[in-house]
Ligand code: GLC
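Have a look below at one chain only, the form predicted on its own, in structure tokens format.
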Amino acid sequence: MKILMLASEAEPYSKTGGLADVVGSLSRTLAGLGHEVGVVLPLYQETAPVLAKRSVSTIHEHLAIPLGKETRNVAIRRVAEGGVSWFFVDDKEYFDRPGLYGTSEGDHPDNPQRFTTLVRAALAIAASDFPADVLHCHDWQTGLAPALIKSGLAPGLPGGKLPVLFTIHNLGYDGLYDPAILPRLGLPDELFHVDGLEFHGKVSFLKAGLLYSGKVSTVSEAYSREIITPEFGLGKEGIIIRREADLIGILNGVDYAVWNPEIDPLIAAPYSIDDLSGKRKCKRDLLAQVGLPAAAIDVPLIGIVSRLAWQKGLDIVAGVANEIVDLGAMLVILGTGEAALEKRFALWSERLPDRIAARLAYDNRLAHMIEAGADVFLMPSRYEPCGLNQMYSLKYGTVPIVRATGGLLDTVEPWDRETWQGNGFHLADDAPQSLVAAVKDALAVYKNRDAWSVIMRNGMTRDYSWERSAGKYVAVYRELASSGS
């Protein structure tokens, strides 16, 4: 098949989170399965240094993009890598600036124009340079693409149409804007109604993707069930229920060429399910890296690699960090996010430097070191569409403690003391004492080295490679292409 991806980020070219990992890995996997894959991305300021190390061709120097009353002239650059054609929309005014979506001061105010330009450029590419069988759109930034196609506002497409799959990576981000933006984007007022783009008096890019796509997917089976409920639907459950017959949950995969302790070049020593001795070396290296005492090598070390945000439940961790430490554990936290949470973890690190280490940064190498060197990985998310770190942790024999929600529920099986089945621990809710109880439960098992060895190996045997998930996407693509929707 000929598959065109449309996304606002993809590694290794641009990244703020898991969306980039998914788009990059899925695209390469599909290409490896024999499909012809193209990906359309913005050429951000942070993308330029990556492209400087690659062979880049220009397929359009001046591509006219209609945007309301103005016409933007953008360049389209192309890189062939990993069996994928990567197309970059080069609009200096819109994308050559700090921050993919905004800065610490807030979102870029012209994001509607920026991502509408991205969408229209992708549709132009689909019309002339990469006539695809299906368009796969990711998250709210791409939501206008199916709306433009279905409304007949995307001229030049082969056959006048293009089947679309729209994937929700996180329902919490929906691209809401004042309706006055419509004429500036070149969108007719007729689209602004309750069965169109209108959502509580605003224009919703996410709703456009949900309503106008042929099918909608989420990034785990559990999350596809959760988002039709008031607890997890975030006010959009009514819209999603309308599309329930076309809603599919496909679990994200892991790129084991990158996340694998047997071959990981970023950790102190390799190890495997058959020889775990290297993991102790990795723990010793991690302790030294973050400044925790080397003498604490046998103290259980709990790792966190996360965006520091309410959704991730990190405020709960910050509220009970002293209680976790009092149970006999150490904590290492890596991430950035909400300023108040950054401050709270920095204070804990200052108060308990022999027990808590906080690194408020994005550091890929340290993320790998934590996955390899920690004994336990903590993910108390209030909701988690899929989550990747718990799957990385399983591969690294780092036992996850997770909230039983979304992809965490799909991948982490609670430990059973009677049967010695399971690969982690669950907390049922977001109460602070539930988190403390789950940590206490895990630390009790940690003391039994035989049991702990089994739970580690139970996790390491799980296979969440992209090939299985990619096969499910291909089945959806084929169904869309055959129906023409």
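Since the model is a prediction, treat every value here as computed from it, not as a measurement. A residue's number is simply how far along the shown sequence it sits, counting from 1.
Not on display, but discussed next: the form predicted together with alpha-D-glucopyranose (GLC).
Comment: 305 to 313 is the region of 146 to 154, 72 to 80, 275 to 283, 305 to 313 lying near alpha-D-glucopyranose (GLC) in the predicted bound form, near meaning a non-hydrogen atom within 4.5 Å.
The single contact residue among Gly387, Gly373, Gly209, Pro380, judged by any heavy atom lying within 4.5 Å of alpha-D-glucopyranose (GLC) in the predicted bound form, is Gly387. Exactly one listed residue, out of Lys215, Arg120, His169, Lys395, brings a non-hydrogen atom to within 4.5 Å of alpha-D-glucopyranose (GLC) in the predicted bound form: His169. Contact check for Val22: a heavy atom falls within 4.5 Å of alpha-D-glucopyranose (GLC) in the predicted bound form.
Shown alone here, Leu135 lies farther than 4.5 Å from alpha-D-glucopyranose (GLC) in the predicted bound form, counting heavy atoms only. Using a 4.5 angstroms threshold between heavy atoms, Val402 stays clear of alpha-D-glucopyranose (GLC) in the predicted bound form. In the predicted bound form, alpha-D-glucopyranose (GLC) sits within 4.5 Å of a heavy atom of Val219. Contacts between stretch 244 to 262 and alpha-D-glucopyranose (GLC), counted in the predicted bound form as any heavy atom lying within 4.5 Å, involve Asn252 alone.
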